[in-house]
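In the block that follows, a single chain appears as structure tokens, in the form predicted on its own.
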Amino acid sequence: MKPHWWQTAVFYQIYPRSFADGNGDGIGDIGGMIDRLDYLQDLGIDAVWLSPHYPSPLFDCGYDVADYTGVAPEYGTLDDFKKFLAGAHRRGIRVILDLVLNHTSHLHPWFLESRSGRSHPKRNWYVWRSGNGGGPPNNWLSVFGGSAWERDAATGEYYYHFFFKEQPDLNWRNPEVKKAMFDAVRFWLDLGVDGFRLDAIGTIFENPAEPPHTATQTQIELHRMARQAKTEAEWKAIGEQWRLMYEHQADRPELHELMQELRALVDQYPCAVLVGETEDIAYHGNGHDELHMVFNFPLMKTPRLTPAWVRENQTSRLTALPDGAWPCNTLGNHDSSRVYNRYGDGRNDDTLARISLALMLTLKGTPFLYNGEEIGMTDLMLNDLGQFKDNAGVWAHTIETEHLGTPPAEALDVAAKATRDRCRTPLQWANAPNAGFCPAHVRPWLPVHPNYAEGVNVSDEDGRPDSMLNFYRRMLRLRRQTPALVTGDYQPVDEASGDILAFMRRATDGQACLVALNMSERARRLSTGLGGRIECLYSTHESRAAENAIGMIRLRPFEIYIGVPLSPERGRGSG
């Protein structure tokens, strides 16, 4: 059976505020994205995941939506969006949107009406409760700090918010809410978008009995414990407290019925896809009736990618998928450190970043890449709290200064490492003022990383054959031309190796492909246990012979090797 487009695609996440400034005001916009469509096509990606482009007061960088069927004025107009979508489709690039189901902005018209009075028809569109003894209804907490309940002075009741108080949770137990949100889904699908990435889906429902959580540590204490934790046992204890703190506020069983209803709606539009911001395989349902894909976030959760880590992840992940489900891999996004920083060792960062990409493009499943990784962009450590746009980083600074008594310089350092601003800086297009993102006389919405002047920019890398950008182009082209890397099964090879990750990908058409990644600084020998010979499709070492015996392959330090086993009649020398 022919695979679906989203099974063969490579997705590229665009963070619109930082991708490309088309009108010179220091903010990325749809006009800038239109101008860069040829760049995306040349890069070789197949689909774009567009982070929120909706009108928003930006208390959470656009994830506080004020209009689900609009376009933020600073990004352009709905007509601009239509032009972008049409231009992408002409180039064979699909587009999926971020869909924030759990909450709206506190400035969304729905919430303004809801809070206008207890008897308003939209009052029950959000989760309102009376207080308990002069305080919040229970001890539930927001993941961004403090109570999950905010008192509204006008009506004397509390509304619930899992995230910031500026992000009140919708009441999905109200059929009118579901209808309004599903109408928004239809609006974009009718325009021709190709699906949605579903934000924070696990938080849509809460325990209706609203029992108190039973965690014995406060958020501040857990923050302190996390700062001091060194052993696996300490991290496990923190994780258990975190689970107890939020167990009544997330991943309710009712979610699966809702996802089935959403899937039924989306299935009315041929080829549309749903991707969940969750690692829980249960959201695949029976493999055909809930989400098409969920992210393999466990793969990311390590300070260093090692063969043993990846093998264990793939074994546990792939065997747990229900029939019909398809894996989905990523190593970074707008909420996490850039790959260059997250998996680097301070000496071989560029090489390790290339191995990370090779891993994404050769594992079984759909890869998701994050804009800027293709030129080796790195985290920017902000040195002024006034530069922060991410309120989660501001909250981390508040904890350090007001609750833990951390000295100012150290508190700023902690906050700079915690804020998601560090990986959201403007994309570096040229070795020019503001990295060519916006005019020299304009202040970009976030500071530009100064390493654009050291060659980390599209223009400079475009002209260097050995650049990260051209490495991305080569690897994306190789994947597209090699069916086994796109749809083949995954079979580990030489599982005892501590330094080499090796596996076979076998497609249903019979093509087989060997992938070997030497993740060490030392030359190593790969024992495949196979006979015959192998043709090298790609190696990071140009001096490698085009054909080798497949049983024992010598890999240079950090070598990326991809080869196709030869049939006896094709082999030369031995059969």
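Being a predicted model, the structure only gives us computed values, none of them experimental. From 1 onward, residues are counted along the sequence shown.
Another form exists, predicted together with a small molecule; not displayed. Remarks below refer to it.
S.K.: In the model of the complex, which of the listed residues (E402, E247, D462, D335) lies with a heavy atom within 4.5 Å of the small molecule?
M.R.: Partner contact (heavy atom, 4.5 Å) among the options: D335.
S.K.: Give me the residue from E166, E206, D379, E277 that has a heavy atom within 4.5 Å of the small molecule in the model of the complex.
M.R.: By the 4.5 Å criterion, the partner-contacting residue is E277.
S.K.: Is there any non-hydrogen atom of H397 lying within 4.5 Å of the small molecule in the model of the complex?
M.R.: Heavy-atom contact with the small molecule at 4.5 Å: absent for H397.
S.K.: Even though the small molecule is not shown here, does D199 get within 4.5 Å of it in the model of the complex, heavy atoms only?
M.R.: So D199 counts as contacting the small molecule.
S.K.: With the partner left out of view, is Y63 within 4.5 angstroms of the small molecule in the model of the complex by any non-hydrogen atom?
M.R.: Judged by the heavy-atom cut-off of 4.5 Å, Y63 is in contact with the small molecule in the model of the complex.
S.K.: Check R420 for me: does it contact the small molecule in the model of the complex (non-hydrogen atoms, 4.5 angstroms)?
M.R.: Judged by the heavy-atom cut-off of 4.5 Å, R420 is in contact with the small molecule in the model of the complex.
S.K.: Counting heavy atoms only and using a 4.5 Å cut-off, do W6, R263 and R317 all touch the small molecule in the model of the complex?
M.R.: Not a single listed residue reaches the small molecule in the model of the complex, so no.
S.K.: Tell me, please, which stretch of 515-523, 534-542, 55-63, 36-44 lies within 4.5 angstroms of the small molecule in the model of the complex when heavy atoms are compared?
M.R.: It is the stretch 55-63.
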